[in-house]
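Given next are two forms of a protein chain, the same chain in both, each as structure tokens and marked structure 1 or structure 2.
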Structure 1
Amino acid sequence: MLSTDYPVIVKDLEKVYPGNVHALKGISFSVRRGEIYGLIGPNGAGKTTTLRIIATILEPTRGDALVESYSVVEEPDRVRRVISYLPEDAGAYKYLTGLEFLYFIAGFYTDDQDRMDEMVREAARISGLGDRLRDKIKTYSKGMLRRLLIAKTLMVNPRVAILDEPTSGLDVINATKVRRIIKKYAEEKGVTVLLSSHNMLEVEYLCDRVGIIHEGRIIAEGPPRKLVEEYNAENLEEVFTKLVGEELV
């Protein structure tokens, strides 16, 4: 397995929180270049902990992850240069306009005005918010805010985009818009996307491959349609219930 073909390689990750709480119990998986890989499972399964370790927000108790061949344990600064990370609970400064916020974020990546302008134009295209970018963020709906945050995450053209529950709390229409934004951007730019979701049905549309995570372990992995066929199920939710031995009522 070549790291050039797999920009994300997770190896035996364990995370133990105070109180001997084992959030991760030896997770391993790899993400191919240019694919959208989803970690899916119920709340508390370990998805966010995994993404935070890969994004260098948390340190693992044991194990490691390589991002573009850089170790999150030994080379976190190098990892941060090639990723962009969007937490589930991310927000924005509500008294700025959308454009002001995007320029503020762009300023962390470059001090070249032309480059900043280019990044903000790209964010405007990705978000599809048009003239609403001139309005204060406090006037945005939750869906509009999420589209703005997705755009600021992708406008820097990261090698690996890490998105934690990108459609969490959105209605069907806005969730669909966000999924389309992610899928289109990955296809156009060839960016590798690693995301988490507790909505197993939506990732059937979005992800090339998924890892189903339960109680800190990956219990199945593969393309969504292949998993559904392998377990003779109607969808990924049914695959999950079969794997954990719970029957749907």
Structure 2
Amino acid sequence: MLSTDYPVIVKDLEKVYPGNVHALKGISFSVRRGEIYGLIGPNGAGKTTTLRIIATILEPTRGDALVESYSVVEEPDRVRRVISYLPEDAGAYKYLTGLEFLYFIAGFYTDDQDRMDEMVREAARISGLGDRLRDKIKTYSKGMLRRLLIAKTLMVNPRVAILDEPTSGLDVINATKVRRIIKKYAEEKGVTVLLSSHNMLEVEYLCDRVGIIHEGRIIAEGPPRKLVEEYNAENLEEVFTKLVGEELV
């Protein structure tokens, strides 16, 4: 498997939290360049843990992940330069304005003022927040905040964007907006996207391939349509219940 074709390669990832919580029990998958890959699974399956390890927030107990061929264990500093991460439960500094926040983030990725302006313009376009970017973030609604955060993640034009439940807590309209943003951006820029979700519809719409994760293991993987065919189901949701149901019985 060449890392030029696969910007993300995850190998036998295990994570044991303090208190002997075995969150990941050997997870392996790879993401192709330019594709949108979705990790789906129920609450507590281990999606956030996996993404946090790839985003260098947590250290794996065993195994490794390569991002653009840099190991998250050996070279986390290099990994941080090629990724952009949106945590599941992220916020922003409420006493800064949207614009100030975007410049704050952009500053870590470039020293060039023109490049920074360009990033922030891009973010303004992605978020669609317009003049509200001049207001303090504490005046934003949840949907506006999430759009701002999606924009800050994508504007830096990362090699790999890692999005943990990008539409969590959003209403149908805002969620649809966010999905369109992600899909459009990934197509335009050819960015590799790794995201997590437990919304099957969202995943069917967005992802080229998905990995179904359950109790710390990947129990099925493939393009959504193919999985539906394989398991002789109506949709991904049914695939999921079939898989988990079989295991539980």
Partner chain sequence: MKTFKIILVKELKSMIRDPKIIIAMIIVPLILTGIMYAVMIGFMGQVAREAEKKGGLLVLVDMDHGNWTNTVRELLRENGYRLINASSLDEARRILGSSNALGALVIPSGFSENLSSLKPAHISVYTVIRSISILSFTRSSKVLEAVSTLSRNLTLIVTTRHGLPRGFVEKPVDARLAILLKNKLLETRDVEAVIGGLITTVIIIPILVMILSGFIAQLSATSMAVEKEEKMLETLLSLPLSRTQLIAAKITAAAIIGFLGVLVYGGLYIWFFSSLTTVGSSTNTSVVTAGISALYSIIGPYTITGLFIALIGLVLFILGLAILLSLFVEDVRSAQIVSGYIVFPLAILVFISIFIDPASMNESTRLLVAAIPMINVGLIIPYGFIGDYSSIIVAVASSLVYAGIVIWFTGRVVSTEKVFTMRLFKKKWRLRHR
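On a predicted model such as this, the values are computed, not experimentally measured, just so you know. When a residue number appears, read it as a position in the sequence of structure 1, where counting begins at 1. We call the rigid core the largest set of C-alpha positions that still match within 1.5 Å between the two forms.
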Of the two forms shown alone, the one predicted on its own
1
Is_shifted D171 between the two structures (CA, 2 Å cut-off, rigid core)
no
After superposing the rigid core, is the C-alpha displacement of S71 2 Å or more between the two structures?
no
Rigid-core-fitted C-alpha displacement of D112 between the two structures (angstrom):
2.5
